[in-house]
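Consider the single chain below, provided in structure tokens and representing the form predicted alone.
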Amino acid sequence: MRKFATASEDTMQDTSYDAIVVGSGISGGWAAKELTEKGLRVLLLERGRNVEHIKDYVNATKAPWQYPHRGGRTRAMEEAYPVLKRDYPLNEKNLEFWASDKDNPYTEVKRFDWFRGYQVGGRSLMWGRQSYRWSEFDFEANARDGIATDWPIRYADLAPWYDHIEPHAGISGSLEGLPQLPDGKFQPAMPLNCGEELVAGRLSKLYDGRRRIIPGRVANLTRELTGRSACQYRDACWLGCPYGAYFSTQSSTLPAAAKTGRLTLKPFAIVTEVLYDRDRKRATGVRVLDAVSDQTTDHSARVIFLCASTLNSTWLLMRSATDVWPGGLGSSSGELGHNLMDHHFRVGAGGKLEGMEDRYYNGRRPTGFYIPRYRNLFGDKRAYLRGFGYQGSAGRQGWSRAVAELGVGAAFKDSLSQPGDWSIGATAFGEMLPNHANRISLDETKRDKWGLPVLKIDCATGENERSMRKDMMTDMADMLEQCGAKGVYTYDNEYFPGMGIHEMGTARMGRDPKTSVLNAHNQVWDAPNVFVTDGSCMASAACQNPSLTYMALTARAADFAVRELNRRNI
């Protein structure tokens, strides 16, 4: 990997750049790559520590017995991480990739689980990697339903940028020809296993292809790319991949940006304000608090990209240009901070597959199957709006099935060396509607480790989501039973906003500056040289995982920004 300059090594200009990118996760990495490759000198600011590709994946090759607590969690960890302990992220294996709850508190008006990754690469190091395009149905949804505001773009505007990013990121998937889930520039799919193929065939026949089980489209390579190996099927992605086999900032966009020689990376840099010139109606740069020394430095640039993650980019806007707009930069519409969304899930069904005791599969595939949305499409009409997709898998139970048992003796141990029963199950991911009442604001009464005001989050699901969840659970059970599964069971393990780790909204795109924060090119209406391209820009949530769309929007906005710079329009 080519070395990039650090701030201290940059001897040309220490504080002035062509572009500043705030945040180095999935969106920030793409902004840095696109802007440097188009000739701009870019300062990439990250509030957390540096994580170097391969070198800093210290647990990537450990076995469970090499951890002091077998990779689990301890009482001390639960006390130190009262938010992270609410779900799977709290564990011994990759705790260092999650932000400290103690150093980074926030206020919950209603329960909101905010799981954050503050380091170079952000959550791109431990994301789920499910990568699905949004469709024309999704970009038309708000206008069709009369909900919130219309997206200012359609699928045709973004399709070329999906085409642009997918080959570089490396998305594996199958071509299905589904209008609600457009195909892409895929590497060969990670195929379904024989249990999934059996159910997929039955399901397609039952519903004449209108409901379909397809291989999960995932940002794991099945063919090598330059500097990256194909997936080794270790299923240990959340530890950082020494093969670069899954997409992350470290494996993909950061090396590309560094290769240009125009990137300066500054970790431990907390951006506290976007500096704004009210006479020129332009941002002039950013103010940075060094997270280690507490020193403050101003950096200037012609264009600013905010990619600090959904809630933090909006936090930054709220703290900027308050002498012009008391609610912050981009608040003139009254929509800044509103319309927070997530994907609701933790509901579905499972069962057993019989008659395949002589069949097995190889490897630990880092994805499963996907059932694309079928509700409220093609003439189907429900009592709720929008829809959901299922993510699941089939497999054979392993030795861990004995953990809760009391069996002893040689015969018992021998039985565990044999494959267990086949099981299959899936969890639904449902669309959450944009709602003005779901909002974030600054809580001036509470401060973080650095004395900065924290966010107050007030967000809840509505009747539409609650109604949808009934279908999410019963539909899966019904499909499994019709496909021959036995012992089918359902579950709803309760959901609170944030648990999906798909925060979206709070600085939405739109067609009108009176009802939106950003225009069709992700520019802040009130400051045309400020672009916001992470999840905060989303005007609706769809039901597909959103990260691929953040990447496409970022590449598209970067291309527009450079063209506007060259035209001297910004």
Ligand SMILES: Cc1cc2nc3c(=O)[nH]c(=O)nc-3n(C[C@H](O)[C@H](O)[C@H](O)COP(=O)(O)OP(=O)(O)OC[C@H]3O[C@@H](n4cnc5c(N)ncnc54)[C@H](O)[C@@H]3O)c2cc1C
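In this text, all values refer to a predicted model and were calculated from it rather than measured experimentally. We number the residues from 1 along the sequence you see.
Keep in mind the form predicted in complex with this ligand is missing from the figure; the text below concerns it.
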property	result
88, 127 and 312 each touching this ligand in the predicted bound form (heavy atom, 4.5 Å)	yes
Residue stretch of 139-147, 432-440, 152-160, 303-311 approaching this ligand in the predicted bound form, non-hydrogen atom distance within 4.5 Å	303-311
Residue contact check: residue 22 to this ligand in the predicted bound form, 4.5 Å heavy atom	yes
This ligand contact in the predicted bound form: residue 215, any heavy atom under 4.5 Å	no
This ligand contact at residue 521 in the predicted bound form, heavy atom, 4.5 Å	no
Contact label in the predicted bound form: residue 469 to this ligand, heavy atom within 4.5 Å	no
The single option of 262, 123, 133, 375 touching this ligand in the predicted bound form, heavy atom within 4.5 Å	123
Interface residue in the predicted bound form among 328, 285, 117, 392, criterion: non-hydrogen atom within 4.5 angstroms of this ligand	117
Residues from 253-280 in contact with this ligand (non-hydrogen atom within 4.5 Å) in the predicted bound form	269, 270, 271
